[in-house]
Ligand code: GTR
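There is one chain below, alone, in structure tokens, taken in the form predicted alone.
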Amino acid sequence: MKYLKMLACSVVTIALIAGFAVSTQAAEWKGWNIHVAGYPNTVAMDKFAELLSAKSGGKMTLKMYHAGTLGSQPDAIEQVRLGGLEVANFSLGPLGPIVPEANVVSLPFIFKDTDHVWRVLDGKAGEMINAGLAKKGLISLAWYDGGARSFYDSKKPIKTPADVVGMKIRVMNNDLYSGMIKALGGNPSPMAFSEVYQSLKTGVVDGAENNWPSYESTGHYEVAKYYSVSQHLIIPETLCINADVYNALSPEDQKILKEAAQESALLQRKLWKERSKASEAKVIAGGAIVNTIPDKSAFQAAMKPVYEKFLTDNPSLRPLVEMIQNTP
């Protein structure tokens, strides 16, 4: 009986190992995306799957699972790193605590504007971020537009750092974002994106921060009508693949994969611009009160301790920070 139990365990172990090996060579990969149908990222990832199949002659196919149906973003990040999922679209924000190089783009006001983001990522700084992702089991295939994030709340317009004092602001789970809110005198409340609407509605938090499409598509503008255009964060997103799966491909298939991904990125960026304008118009028509912040110097000055702490904790990343800041 003992022998039979040992034999059974060995068979199960072999089956699991074999199953993992098969999954990395699967004819059909699984793709994860947090966004809903019609969202620019969702449309672009569906296009990516279509291009991948066409360009590879059906050799590489991808079945997309949208709206976070295969788990939350933190769960999906781990699944892709471990090979449970092959492909995904992630914001570099939640990747920051795992990949120090990726965390640099989460420093408030590090980018001048969206065009500056692409100039940075297409250069040496982008290569350094890619190398950091690869060390953690993720290969970046293309960059998606994550838009510029601004504050919104249910209390009042935010025009100066003093307006944030005492406010409970939802942030993504990243110490940099919590540090940003603390530096402005607010109380950061890290929580899952799916919990934000109800938390705003019930007053668990006073506000949050995000881009126009997310503010609109989630209905957050219905429960937090003040949108203050701070653009404090411009966080790009990556379309990535598990490193083991990528490295097992031939150079020809890797090229096809990247070509399809980069074509989808061009579509995503185009759709993003269109959707951002449409979302802005929709929330204003729905009663959102929008204010701009012409002079952001007080907000930027308040971020000095955030930068100092980050560079003290990550001295090796100073050259990357300076490289981004000095990119024209």
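These numbers were taken from a predicted model, which means no experiment stands behind them. Start at 1 with the first residue shown and count on from there.
There is also a form predicted in complex with the ligand; it is not shown, and the following applies to it.
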Is there any non-hydrogen atom of F193 lying within 4.5 Å of the ligand in the model of the complex? yes
Is K47 close enough to touch the ligand in the model of the complex, meaning at least one heavy atom pair within 4.5 Å? no
Should A260 be counted as a contact of the ligand in the model of the complex, where contact means heavy atoms within 4.5 Å? no
Answer with yes or no whether E237 is in contact with the ligand in the model of the complex, where contact means some heavy atom within 4.5 Å. yes
Heavy atom of each of S150, H232 and T292 within 4.5 Å of the ligand in the model of the complex: no
Spot the stretch among 34-42, 64-72, 279-287, 51-59 with residues whose non-hydrogen atoms come within 4.5 Å of the ligand in the model of the complex. 34-42
Exactly one residue in S178, T114, S199, N211 has a non-hydrogen atom within 4.5 Å of the ligand in the model of the complex; which is it? N211
Taking 4.5 Å between heavy atoms as the contact cutoff, choose which of S91, S189, S228, N130 touches the ligand in the model of the complex. S91
Sequence order please: the residues of 163-189 with a heavy atom within 4.5 Å of the ligand in the model of the complex. R170, M172
